[in-house]
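The chain below stands alone and is given in structure tokens; this is the form predicted on its own.
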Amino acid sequence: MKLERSDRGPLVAFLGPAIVLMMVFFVIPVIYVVVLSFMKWNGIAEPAFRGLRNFTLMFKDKAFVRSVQNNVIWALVAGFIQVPLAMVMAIILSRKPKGWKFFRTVYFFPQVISGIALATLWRAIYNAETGLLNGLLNSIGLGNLTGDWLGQIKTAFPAVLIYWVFYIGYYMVIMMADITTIDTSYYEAAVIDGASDFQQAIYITIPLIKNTSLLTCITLASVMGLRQFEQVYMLTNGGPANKTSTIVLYMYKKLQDSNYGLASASAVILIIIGVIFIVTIRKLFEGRGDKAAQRKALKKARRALK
């Protein structure tokens, strides 16, 4: 579609401020970080070019390699465990069972609490001496399973990861909003054909939200998994033996050491990993558009229900 000359002025007026803000607060800082990743700089002396030396040093550092592994695991768990749990709850609550508003509020409530506050709460729960988890295990006769959950190498990372997975309210609300836009006639036709609630969810609900809210939630969850910092910092600070370290925490420690070159190099790697995740997720969910996806889903549902 070709723009008329008279339309160009308003278009520039509307888009101009957004483009300027994008350049100032995103494009220029990213370029600056990329340039700085090839430098040796302590924030005081003159930056010195050192090529790929920062990257080679970084990948020889076991703490960084562990951080990358942890972030990839975190992003995968977020996208393919946390979001499916949210989807299940969204499908259930969208049918408005008794007390659905209460449960919707309960699941979403943790999203309005600071991540620092939640991490502090769970640090108290995991406490080896006075923690609620060890106390519960002792009270039900499973005292042999107690331990220092955040201090032991085998349990530290699972302990940091698992509690976070069940905070599904944010993604649940997004998918609930999308499910409410689905035409109810699809479900009415499915009921007439004898479809169960499970079949309706599999053949109608999920296909119709796959390329919209489900794709959005998996992308958001994976990105959130890649940028984890405050929970790990508050619970373990990357310990024990860097087993719970993340890329952002590694970057933060290098900034504390005034090693801005290595910190910038780790930021570049994080950006690259994030882009790879986003592109891969979009490829996995790639479709022919919302309308085409809906038609395909409905045809598949009718075949399955015959």
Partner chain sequence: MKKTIALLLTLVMVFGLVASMPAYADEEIVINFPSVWVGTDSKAPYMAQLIEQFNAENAGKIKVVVEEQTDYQGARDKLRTTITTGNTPDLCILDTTYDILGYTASGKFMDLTPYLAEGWGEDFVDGACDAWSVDGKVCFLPFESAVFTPIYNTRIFNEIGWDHFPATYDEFFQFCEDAKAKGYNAMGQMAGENAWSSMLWYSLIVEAIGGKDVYADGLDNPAFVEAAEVLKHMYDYTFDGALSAGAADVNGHWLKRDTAIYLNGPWWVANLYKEENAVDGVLLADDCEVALNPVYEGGQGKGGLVTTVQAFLAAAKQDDPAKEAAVVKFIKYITDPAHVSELALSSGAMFFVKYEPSPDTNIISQKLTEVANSADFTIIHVNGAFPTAVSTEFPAAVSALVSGEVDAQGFVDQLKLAIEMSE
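If you're wondering where the values come from, they're calculated on a predicted model, not measured in any experiment. Positions refer to the first chain, counted from 1.
Omitted here: the form predicted in complex with the partner chain. The next part is about that form.
Visitor: Heavy atoms within 4.5 Å of the partner chain in the model of the complex: does T219 have any?
Guide: Residue-level check for T219: no, no contact with the partner chain.
Visitor: Please determine whether T212 contacts the partner chain in the model of the complex, using a 4.5 Å cut-off between heavy atoms.
Guide: Outside the cut-off, so no.
Visitor: So in the model of the complex, does any heavy atom of G43 sit within 4.5 Å of the partner chain?
Guide: Yes, G43 lies within 4.5 Å of the partner chain in the model of the complex.
Visitor: Should Q69 be classed as touching the partner chain in the model of the complex when contacts are defined as heavy atoms within 4.5 Å?
Guide: Although the partner chain is absent here, Q69 would stay clear of it in the model of the complex, with no heavy atoms inside 4.5 Å.
Visitor: Given that the partner is absent here, state which listed stretch (277-285, 50-58, 264-272, 22-30) has heavy atoms within 4.5 Å of the partner chain in the model of the complex.
Guide: Result for this chain: 50-58.
Visitor: Are all three of Q82, D178 and E188 close to the partner chain in the model of the complex, meaning a heavy atom of each within 4.5 Å?
Guide: The answer is no; none of Q82, D178 and E188 reaches the partner chain.
Visitor: Going by heavy atoms, what in 64-98 lies within 4.5 angstroms of the partner chain in the model of the complex?
Guide: Residues within 4.5 Å: none in this stretch.
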